[in-house]
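The chain below stands alone and is given as structure tokens, in the form predicted alone.
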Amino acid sequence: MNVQHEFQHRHYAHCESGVVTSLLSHQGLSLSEPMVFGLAGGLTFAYLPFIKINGMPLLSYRMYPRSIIGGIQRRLGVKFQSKTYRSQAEAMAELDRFIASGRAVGLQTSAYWLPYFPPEMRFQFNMHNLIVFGKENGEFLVSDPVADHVVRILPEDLQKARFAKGTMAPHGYLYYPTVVPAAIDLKKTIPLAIRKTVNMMLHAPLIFGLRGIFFMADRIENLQGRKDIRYIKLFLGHIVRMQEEIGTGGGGFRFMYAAFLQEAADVLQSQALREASLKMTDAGDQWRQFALACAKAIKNREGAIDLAAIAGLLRTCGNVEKEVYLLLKKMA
């Protein structure tokens, strides 16, 4: 089956927000990725010691997987049809039918089984989103938000990626928009979205939001007395990978939210939002400095690692973000 449809591939900063943005644009609703991310209430922080990724606590700098899909539906009146599968054969057969009918669909996959990823980026991460929009010479045509151009994948590789085992297993998850409004009232929806994020970051319990940031800082500092330097470096390396390599990571999500606040400031003609955007950009810079300090500690082969200093940088990230949310709360 050779099926090609007109689909404009674009490179985005993050997979789920990029896929949702691209699918909506394909259906005629043009929004920027930062606007989609902000309206969906995508920003957060979570330190989840009871969920393991490669034996380490799950860290999240955005809301849980599929939350952008759900959030954009609640905020904009968009409707998505979504489905998971028990049968791998049924999932692949239905994907073929969607492609044959001219429908582009979003898929949740494991990065480990995507052969177009560089080997160093192929690890067990089951929350990578992409779009399939055609098929040619036995290969699916893929618009992957993190790729510079359209890529291709064999059905057997895509099947493995859709049905990978482990944490957050995708179970063949497939989704596509069925209802897309011609226009939306951003002046009404933006304040509601901002209020949701502010409440999450300021008032969520211990391991979420700002409390989660300071909780992780305490965990890092408490490693100071641990003699197993190998574990300490693995832990810091895990933080860097979760922050800077998976999706846009900690700093990247802060930069994206800053871009959302700038767009929101233009829509609402708000100087307070412009100020908040600048502060959030500063928060992104602080997260990058924190990641850099972790990376330098990992490479340090001589002398002790100053975990107190690293924890202090993380607390700075939290304090800068707190200024942003207090400003947004005051504005609201």
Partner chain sequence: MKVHEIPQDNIRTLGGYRKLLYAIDENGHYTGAPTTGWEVEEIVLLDALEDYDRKAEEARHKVLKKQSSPIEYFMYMRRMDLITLAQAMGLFRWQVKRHLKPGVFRKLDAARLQQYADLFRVPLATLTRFEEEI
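Quantities reported herein were computed from a predicted structural model and do not represent experimental measurements. Residue numbers count along the first chain shown, from 1.
If you look for the form predicted in complex with the partner chain, you will not find it shown, but the lines that follow are about it.
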His26, heavy atom within 4.5 angstroms of the partner chain in the predicted bound form: no
Contact of Met121 with the partner chain in the predicted bound form (heavy atom, 4.5 Å): yes
In the predicted bound form, Arg211 touching the partner chain (heavy atom, 4.5 Å): no
4.5 angstroms heavy atom contact with the partner chain in the predicted bound form for Asn54: yes
Partner-proximal stretch of 129 to 137, 111 to 119, 172 to 180, 86 to 94 relative to the partner chain in the predicted bound form, 4.5 angstroms, heavy atom: 111 to 119
Three-residue site Arg62, Glu275 and Leu328 fully in contact with the partner chain in the predicted bound form at 4.5 Å by heavy atom: no
Heavy atom within 4.5 Å of the partner chain in the predicted bound form - the one residue of Gln262, Gln159, Thr189, Thr197 that qualifies: Gln262
Those residues of 265 to 297 which, in the predicted bound form, come within 4.5 Å of the partner chain by heavy atom: Ser277, Thr281, Asp285, Arg288, Ala291, Leu292, Ala295
